[in-house]
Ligand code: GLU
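What follows is a single chain, given as structure tokens, in the form predicted on its own.
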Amino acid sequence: MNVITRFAPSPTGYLHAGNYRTALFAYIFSHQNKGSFILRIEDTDKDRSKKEYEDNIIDSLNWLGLKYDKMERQSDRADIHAKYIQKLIDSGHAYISNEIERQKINDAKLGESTDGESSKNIKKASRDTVIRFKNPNKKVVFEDLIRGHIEFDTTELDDFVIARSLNEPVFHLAVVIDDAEEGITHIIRGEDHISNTPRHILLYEALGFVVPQYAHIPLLLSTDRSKLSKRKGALPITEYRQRGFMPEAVINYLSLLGWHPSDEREILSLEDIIKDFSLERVQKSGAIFDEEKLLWFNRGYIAKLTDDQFSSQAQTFIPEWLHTHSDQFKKLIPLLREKIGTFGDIQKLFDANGELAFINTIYNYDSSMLLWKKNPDPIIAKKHLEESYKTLNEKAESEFTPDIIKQALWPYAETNGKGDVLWPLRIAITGQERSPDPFTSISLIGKEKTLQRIDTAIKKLS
């Protein structure tokens, strides 16, 4: 069998992680079976569908690396839908329903009067006529690839609406026609669609189509175990890109929400996932989307980057005055790796009050900040700064590395008290209580700025 799966989102809003986890599973299954993966934009809701949302869907899939073999828009298939609507009417499987009369009959069955509540109900009909499927009222049985044997009594569905007019199919009919015409063999979608499946199977049978195989995956849940949704603060997937997450980390994490590999591995490339994926190992219960866990994955992927790869990823997040190819940035890479969870965190480090803002900013700190809390004596602080100045002034610019600076200052600090010596030096260099160690800070700003800032601090204490 030539496996064909699809991702069929509606461009009526920005999609979140739950939507793209569905796309990911469909993509993985098709590639594992050397099949095809189709993107179908279900844009027949003309009032709510917008081009910006469609563009965002395409952009998100490209960023995640989920390349589709073909893309279609449901709105381009109106003539095909109309042909099948007419076919269902001609075959007696569907009929044009007078909704006003239908409501009168239903009201009468409920024993309602013809002039009280009934008249209110008549006004509720949004259209005078719609097209309804003639329900055979039978049991529908199918084997879900994740949930096993599922049985429905379709009697309770009544004669359900399949089109608003000959040219306006509703979701249930349009999706069946499109899936059949595109040769979709496996429909992988969220478990919230299970209740739609009996309607779809009835329509498949009435149209003479081959019923595809279904796999309903568990929903993603928020940390409070409610359904993940835009109302619950679920972010568009492109926002994770804007915050500096790596797509490989997002893919890795999403794949493990509701599925697990055959061993205990957690860090998996997309190729690894495709090789090991199995619908049999997809769980039935909901999976919790936890951004802290996603951050853990992202840190792991950042740690694996070479310095050149790190520089490339960081390019759009660093301040304008700092260039990723500069010696100064190269010195920063080990420190940044240690401090960031996403590349967007780099921006926070260089913000006005960020830990690394001192590199390009001179702070007007109060002289009292230079005093070590255990020995707040300005004379002692001044003396230690003067000794530090003297030691550093003897070093060449090329020697301003963290290791060499530490070797030069450490013996004096050990002899005279590490806090007494290094605290005023830290404040002199960075102007902040929260900053990298003074050896790293000194190496980042270089000899000239270091001596200038120590001299300023000495004058503050005079």
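The numbering used is simple: start at 1 and walk along the sequence shown. Keep in mind it's a predicted model, so treat the numbers as computed, not measured.
The form predicted in complex with the named molecule exists for this protein as well; it is not shown, and the discussion that follows is about that form.
- A heavy atom within 4.5 Å of the named molecule in the predicted complex is found for one listed residue only; from 162, 175, 332, 202, this is 175.
- Contact with the named molecule in the predicted complex, defined as a heavy atom within 4.5 Å, holds for exactly one of 365, 301, 95, 171, namely 171.
- When contacts are judged by a 4.5 Å heavy atom cut-off, residue 132 does not count as touching the named molecule in the predicted complex.
- Although the partner is absent here, residue 8 is a contact residue: one of its heavy atoms lies within 4.5 angstroms of the named molecule in the predicted complex.
- Taking the partner from elsewhere, residue 42 is found to have a heavy atom lying within 4.5 Å of the named molecule in the predicted complex.
- Shown alone here, residue 193 lies within 4.5 Å of the named molecule in the predicted complex, counting heavy atoms only.
- Of the stretches 276-284, 258-266, 162-170, 185-193, only 185-193 has residues with a heavy atom within 4.5 Å of the named molecule in the predicted complex.
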